[in-house]
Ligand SMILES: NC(=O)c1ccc[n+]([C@@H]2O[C@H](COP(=O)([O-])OP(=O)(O)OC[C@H]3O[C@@H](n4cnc5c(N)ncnc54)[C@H](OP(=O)(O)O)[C@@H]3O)[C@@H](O)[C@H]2O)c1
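First comes one chain, alone, set out as structure tokens in the form predicted alone.
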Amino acid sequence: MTSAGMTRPILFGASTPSGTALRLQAQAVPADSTPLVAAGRRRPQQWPDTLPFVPCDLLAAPGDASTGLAQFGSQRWISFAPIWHLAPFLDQWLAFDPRHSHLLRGVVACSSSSVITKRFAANRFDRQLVQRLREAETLVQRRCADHGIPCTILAPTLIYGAAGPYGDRNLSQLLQLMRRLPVLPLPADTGLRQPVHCHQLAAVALHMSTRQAEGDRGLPAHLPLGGDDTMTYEQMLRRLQAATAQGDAARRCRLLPLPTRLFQLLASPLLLRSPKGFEAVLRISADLAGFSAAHGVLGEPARPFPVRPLAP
């Protein structure tokens, strides 16, 4: 097997909660490991001066970025950037110089479970999102296969939590909603959820990348990923409330279950104003769980929801 320290980890999407979490985890490994490199349009907030940063715009032709990335020699890419940005850049980067395929020793790219959960969506926005995700995943996997590069696509479900200055825009928005409303109506039948913390997602991505560098060829090509707890949507909200500080306004919000058909009837005006929003309301009653649990992938004890830190 090849030592993971012989390949330089290149991080795309460092200015995200999971990207920051991965940096913190990578810095915690033994000092003889290869330092992480951030690649992006601008230097991430709080990126240490001791770690390299290379300017790289995924939306631009890979000319200057080609030289910037190639200087690090043998490398493995870990990406939390939008996969529809990474895919064409990877395609062009491999075509730009034949030597690049020999430098790149592995790719771990973050996609979304929406490619699974929204594939039967009725609204155009979600259908287009699914198509964009699927096409990007296919391009990444195809180009990696063409060049014999190990590749794993992570498809996480509901990502939450905070790392450094970055926080999620999922459960944090629900907390903000509960802080503003005295009562929050819900359908009586709420579906299952399996939220994954940004630190858990980062740990899985780093784990997969390290195993690629060590020569493990038994990794999954596509891994739908969730957290360690499965609960109903209502239980998720109640646990979020309980996790806030004493006196937090979110604790005063009353969750009010309504008969499911009545709840959907009350939400029906959204169908005219925002078909996407209406479908999101309907999904409260859908089961969006059953993914591989992060702790199982990592071989660690399960971490009950919610994992901290939470976004404010």
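Everything numeric here is computed off the predicted structure, so don't read it as measured data. A residue's number is simply how far along the shown sequence it sits, counting from 1.
Omitted here: the form predicted together with the ligand. The next part is about that form.
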Exercise. Can you check 232 to 240, 92 to 100, 182 to 190, 167 to 175 and let me know which stretch has heavy atoms within 4.5 Å of the ligand in the predicted bound form?
Key: 167 to 175
Quiz prompt | Contact test, all of Pro9, Pro35 and Pro150, partner the ligand in the predicted bound form, heavy atom 4.5 Å | solution = no
Exercise. Select from the listed residues Cys144, Leu206, Ala136, Cys110 the one whose heavy atoms reach within 4.5 Å of the ligand in the predicted bound form.
Key: Cys110
Quiz item: Of Lys276, Arg42, Arg252, Arg261, which one comes within 4.5 Å of the ligand in the predicted bound form, counting heavy atoms only?
Solution: Arg42
Quiz item: Any chance Ala14 has a heavy atom within 4.5 Å of the ligand in the predicted bound form?
Solution: yes
Quiz prompt | Contact test in the predicted bound form: Pro88 vs the ligand, heavy atoms, 4.5 Å | solution = no
Quiz item: Contact between Asp287 and the ligand in the predicted bound form at 4.5 Å, heavy atoms?
Solution: no
Quiz item: Hey, in the predicted bound form, does Leu59 get a heavy atom within 4.5 angstroms of the ligand?
Solution: yes
Practice problem: Sequence order please: the residues of 147 to 172 with a heavy atom within 4.5 Å of the ligand in the predicted bound form. | Solution: Pro156, Thr157, Leu158, Ile159, Arg169, Asn170
